[in-house]
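Have a look below at one chain only, the form predicted alone, in structure tokens format.
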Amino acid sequence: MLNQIKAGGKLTCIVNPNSPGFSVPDSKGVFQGFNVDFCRMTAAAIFGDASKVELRGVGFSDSLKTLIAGGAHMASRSITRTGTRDTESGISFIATTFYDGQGFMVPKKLNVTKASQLAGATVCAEDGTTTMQSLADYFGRLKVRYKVQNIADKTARLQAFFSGKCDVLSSDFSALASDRLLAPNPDDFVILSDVISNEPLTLVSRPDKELETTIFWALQVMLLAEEYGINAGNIDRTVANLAAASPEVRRIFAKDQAGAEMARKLGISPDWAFAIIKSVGNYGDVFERNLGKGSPLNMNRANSPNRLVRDGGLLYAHPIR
């Protein structure tokens, strides 16, 4: 399939149609966001050009179906890797880009401070996701009753919640933070601190060894670059002075080292690692630009598992050598 992608001249990647911070169209209708950047990362690795990607906004319930049917090459849209999904023959889960968990958003006027106070609540959620089972597990442990408004369409689901037809909206924390920005007045809503599930949000592709390998190691380049302090602003200086760089950095970017050997074997751009960092940045750049404290989502990465292992997080970079 990687050869087909190269022959076609572009990578087709599924993203969420409207998720501020993660994937949302800008004023020109071009998708921007955290998840979008991993589509661009993959295009940069394959072609040496991050712009050679077709971004398709597809609702969650149709995302995996579209991949299996061959309607896209990969998806970067907050899909949780689960055991049953991983056994589907038409898709491959590759690498986790965001460690998340399911939570709850409520109107401030309810004066609810913890999830255990939600007995009897009506919860807006989406069928076909991990949300429903996590709700059943959580409220089952509490032995309390609750109701679900199963609304597949995101716009309709948010309208129901914001208008008061549901007491609670339940989804991944990242999705709740994004959805809150779509409220008429975001300050009217609060996200509770309770975490009721583990949600490893993972890049997914159609099964293809070369494509899967390219995506996986492209992400490792972004993680390693952050670890070694390399970003879009200094990558030119770094590659211009590789003789003075550490052996680890030379192995990634030098034309006679492991990174170049990987490119030759995969048949991808010989400057794949350079192109990823130059056009997309390292993982920390992508996080802060789209989700961090300077963004509308205002996420504090220091309190997140989405940090490098050395900083107390779960992001573990595999070595290129």
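One-based numbering along the sequence shown. Remember, predicted model here, so these are calculated numbers, not experimental data.
The form predicted together with a small molecule is left out here; the points below concern that form.
Chemist: Give a yes or no on whether each residue among Phe60, Ile79 and Ser171 has a heavy atom within 4.5 Å of the small molecule in the predicted bound form.
Modeler: Yes, the whole trio is in contact, each within 4.5 Å by some heavy atom.
Chemist: So in the predicted bound form, does Thr131 come within 4.5 Å of the small molecule, heavy atom to heavy atom?
Modeler: Heavy-atom contact with the small molecule at 4.5 Å: present for Thr131.
Chemist: Might Ala175 be said to contact the small molecule in the predicted bound form, defining contact as any heavy atom within 4.5 Å?
Modeler: Yes, contact at 4.5 Å.
Chemist: Can you check whether Asn306 is within 4.5 Å of the small molecule in the predicted bound form, heavy atom basis?
Modeler: Answer no; every heavy atom of Asn306 is more than 4.5 Å from the small molecule in the predicted bound form.
Chemist: Might Asp167 be said to contact the small molecule in the predicted bound form, defining contact as any heavy atom within 4.5 Å?
Modeler: Looking in the predicted bound form, residue contacts with the small molecule do not include Asp167, since no heavy atom lies within 4.5 Å.
Chemist: Counting only heavy atoms and a 4.5 Å cutoff, which of 241-249, 104-112, 218-226, 196-204 contacts the small molecule in the predicted bound form?
Modeler: The contacting stretch is 196-204.
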